[in-house]
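Just one chain follows, in the form predicted alone, and it is written as C-alpha cells.
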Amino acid sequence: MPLESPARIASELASRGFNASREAVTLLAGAADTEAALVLAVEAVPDDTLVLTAEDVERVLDDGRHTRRDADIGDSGPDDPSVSTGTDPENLNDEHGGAPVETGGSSGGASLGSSFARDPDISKRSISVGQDITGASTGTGEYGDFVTVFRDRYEKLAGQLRGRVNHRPTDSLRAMPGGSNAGLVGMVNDIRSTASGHWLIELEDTHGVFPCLVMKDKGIADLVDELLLDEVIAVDGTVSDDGGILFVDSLHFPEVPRTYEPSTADRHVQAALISDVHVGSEEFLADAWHRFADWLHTEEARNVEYLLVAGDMVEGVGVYPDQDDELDIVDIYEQYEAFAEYLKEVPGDLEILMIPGNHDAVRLAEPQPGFDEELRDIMSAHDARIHGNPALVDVEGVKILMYHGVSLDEVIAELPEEKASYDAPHKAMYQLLKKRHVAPQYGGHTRLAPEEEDYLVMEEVPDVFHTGHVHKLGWGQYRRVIAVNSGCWQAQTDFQRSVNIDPDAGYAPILDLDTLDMSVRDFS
C-alpha cells in the first residue's frame, strides 16, 4: 500500500516503534520510493533511537538511491501509481502512534529531497481581516434591530448611488409638480407586473415608499429581471401628472465602478482557495484530499503559501432530512476532530484561514461568527486563523471577500437561467457584485440576523470574491474582479441526487496573487 501520505508514514513509523520529526516525515513523503526509504532509514539508525530525525532520512536520500518525486499529482488520475491513494479516515488515529503529526513546512530544514523550500522569510507575508462579526454580535431579534440593520444597509448603499441621479426623498417627490425630472434611491419593497405588462417597482427610503413604473418597451425593462427584494437601487425619470408615480428612464445598481483597478501582491505568491470539505459524510473524498495535501508538499506548490477555506469544514448533523443515513461520523465534535487530522496533512508553513458555512456548528443566520472556543481548540492544527462569514481578507495587499454562499441558492432561483445558474455559479456571484451585497433578500432561503450594522454590504470592492456552498466549480471576471466558486470535496449524496445537484468535487483553484491569474488543480 502506498505510503506517500504524511499521516500514513507517521502511522507506519509508529507501528515500528518510532516517533518522527515533522521534517523527517516530509522528507520521506518526497522520496521516489517512500517505502524503501523508510525501511532504510529505520535500519540505519542505532537500536536505541526513538525519534527519527531529518538528518537520519537525509543520509538515506543523499546516497543517491532515493530522490524526490516529480509526479504531477494534480494532472494524474486516481489510478496513477505515482499518486497517493490516501488514508481511510478511521486509520488516522493509529493505536500505536496516536494522532498523526502536523506535517511541517520547508523552513528550518523541512524540505522535499533537500531542494524544495518555500520562502523562509515569513516577514514577507501579510494577512489581515476586516468586517468580521466574530465577538461583535449584538442583535437580539427585536423589531428595533431589524430597523437598524436595514437603515444601515440603505445608508451605506445609497451613499454609492446618490451621485448618479437627481435624488429626491419620497416625501419630496409627492410634492413635486407633474412632469418634473427627479431621481430616487431606495430599497426594493415590491415588484409586480401590471395588466398591460409594465413593471411597477415600489422603492422605500427613510421617508416612505414611492411607486416607480418601468414601461415594457424601455431598454431597461430586462434589468427588472435582475432585481431582488430588499436590494438598494437608484432610478431616474419623470413624475406623473398627478404626482403619484415616477416613470423610470434609467435604473442603476451600486455596481463595481468601471474604473476599478485591482491590487496585486509585490511578489510571486499563491493562495489555494477551497471550500465544502464535508468531513463526516460517507461521500467525503478522503483520497482526493490526500492527493491535494501531498501536492502541497511538492516543488510545484512551493509558491502556495496561503490556504483559504470558505466554509463547511464538516458535514454537520441535522442539516437536511434523513442526513443521518449518509453520515460516516454521527457526532459533530468527532467530525471536527477528524477534520483537524486531515488538516494536519497540509504543510505546516502555510497560512490557513477558515470561515464557517451552513453545515458548520455555528448559528445559521448570517453574518455567522467564527467557531466557539471549544471548536477552535479542536481545529488548532497549524494555528489556523478562524473568522466569521463573510470576511474581507487582505492577503499581501489583495482584498479577498470570502463568503460561504448560501444566498447563491436564492439568486439562482429568482433570476433567469442565463443570468444565474448552478452550472455557472460565478454568474450568480456577478449579480452580488453588481448589488454590492452578499445576501440582499430577506425572508427567503437565506437566514439573516439583525445587527447594529449590515456586515453583508460590500463597502469595499474586493479584488477576488471567493464562495462555495453550491458544490460547483466556476470562475470568471466581472469588471476586473475575480469571482470563483471553488467546488467541494464530497461526492454526490442521495440528497443531492434528489435535488439534481451534480457536484464538482476534488478541485483546488490556485490564485496567483501577483497577477490574479487563476489555475485549477484536479485531484479527483
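One-based numbering along the sequence shown. Just so you know, these numbers come straight off a predicted model, no measurement behind them.
One more form of this protein should be noted, the form predicted in complex with a small molecule, which is absent from this view; the next part is about it.
- Although the small molecule is omitted here, in the predicted complex all of D276, H469 and Q496 have a heavy atom within 4.5 Å of it.
- Stretch-level contact check against the small molecule in the predicted complex with heavy atoms at 4.5 Å: of 175-183, 386-394, 351-359, 267-275, the positive one is 351-359.
- Taking F150, Y442, F247, Y422 one by one, only a single residue has any non-hydrogen atom within 4.5 Å of the small molecule in the predicted complex, and it is Y422.
- Among the residues D409, D236, E334, E299, the one placing a heavy atom within 4.5 Å of the small molecule in the predicted complex is D409.
- Within 4.5 Å of some heavy atom of the small molecule in the predicted complex lies at least one heavy atom of I501.
- Using a 4.5 angstroms limit between non-hydrogen atoms, D312 touches the small molecule in the predicted complex.
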